[in-house]
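Just the one chain here, laid out as structure tokens, in the form predicted alone.
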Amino acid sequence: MKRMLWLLLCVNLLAAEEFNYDEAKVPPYELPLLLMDSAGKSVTSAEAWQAMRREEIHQLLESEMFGKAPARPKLRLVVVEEATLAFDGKAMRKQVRVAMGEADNAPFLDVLVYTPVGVKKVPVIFGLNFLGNHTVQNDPQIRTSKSWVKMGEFPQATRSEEVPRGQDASKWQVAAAIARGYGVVTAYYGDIDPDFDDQWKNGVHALNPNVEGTRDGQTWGSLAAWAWGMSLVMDYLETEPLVDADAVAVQGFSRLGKAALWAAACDQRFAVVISQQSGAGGAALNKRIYGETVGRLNQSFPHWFCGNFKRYSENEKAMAFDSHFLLSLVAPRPLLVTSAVGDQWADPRGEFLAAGLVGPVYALFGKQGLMAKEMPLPLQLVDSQVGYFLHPGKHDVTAEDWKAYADFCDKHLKK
């Protein structure tokens, strides 16, 4: 037994040594220029960016990283719970089913909406959740989902409905957001696409057999599917009288932070974009080879990105793009990048550096980029048009993060 424990310890130590957490070991790297088009011509105006360079970058990331998604289907909206008092009368709770097609058996996702009581057309913070809508609050009236749940997120369950109510309530500070005048909207990411590698046979991928039947290196992966699903929710929110659809902040944590960034890149209706510890493949510079790497992403999560992205496994130097390209597609909208001191796997410095690199794009629109040359101390929000926030904890979403969301949105979202 002692020998077995020793061997396991050695294996874990060797695995830890595979990844770099030493700033001195970050290799020299060269980043492609945002304001230089594919013909080598400088981009010097917002008009040129919008008309040409932005689309070049979007097409590059679509073909080499996330994959091309099909057109969104015609939706059928079903109100399963009309607006009802919640939080001791301080909020309204509403639940709407977004069916992806008009057939009775069409796949669907359930959307949970909380808004301040007595107010219509409120700004909202919208994001996907990891375990099911009922885990966002300990509320017996929230509908459960029968969709699969990721074992790593809650090992005791195989389906979302088996996870206890309120399990992730700390990550969703609904009452605090309501008190600040914001609604909160969420849907379960597993209702869009279950998060495991089955060669894209389930979830919304099954809606498009022709696409999957001719799959190539540019065909969409799960991250693009989650982003696509976020746009479906936005389609619904444009019809919702409780919500100001022109004031929707899209938020995502970890892998869903990557999805939120790509959703915002593909759908400019999202007015504010919040990336919470999205790390490699998200806000962090991949070429730094710090913490999680492209190779680790593709090995552990082969279904997340398109097939072409695998050519950059242990080969980040060959990438003609990096995370600053992804962040630039948010411009000129407000962008908040958040990190955690104890989450070196997601490379907080790499996220901060990438946020700073998009400043020249924002300048084309007369907007202020990241107003910080050095990483701020924990809990000090940089609230320029490109913002940054660092919390002192680990890979998690905290009450301090939600306060930063509200502070940032107070400046950039409320009218």
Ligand code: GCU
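Given the structure is predicted, the values throughout are model-derived calculations rather than measurements. Counting begins at 1, following the sequence as shown.
What follows is about the form predicted together with ligand GCU, which we do not show.
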- prompt: Tell me, which of 301, 154, 87, 200 has a heavy atom within 4.5 angstroms of ligand GCU in the model of the complex?
  reply: 301
message: Quick check on this chain: which one of 144, 308, 147, 254 has a heavy atom within 4.5 Å of ligand GCU in the model of the complex?
response: 254
- prompt: in the model of the complex, which of 329 to 337, 242 to 250, 76 to 84, 255 to 263 comes within 4.5 Å of ligand GCU (heavy atoms)?
  reply: 255 to 263
- prompt: Within a 4.5 Å heavy atom cut-off, is residue 168 in contact with ligand GCU in the model of the complex?
  reply: no
- prompt: Going by a heavy atom distance of 4.5 Å, is residue 395 a contact of ligand GCU in the model of the complex?
  reply: yes
query: Contact between residue 345 and ligand GCU in the model of the complex at 4.5 Å, heavy atoms?
result: yes
message: Can you tell me whether residue 92 touches ligand GCU? I mean in the model of the complex, with a 4.5 angstroms heavy atom cut-off.
response: no
query: Each of 130, 292 and 297 near ligand GCU in the model of the complex, meaning some heavy atom within 4.5 Å?
result: yes
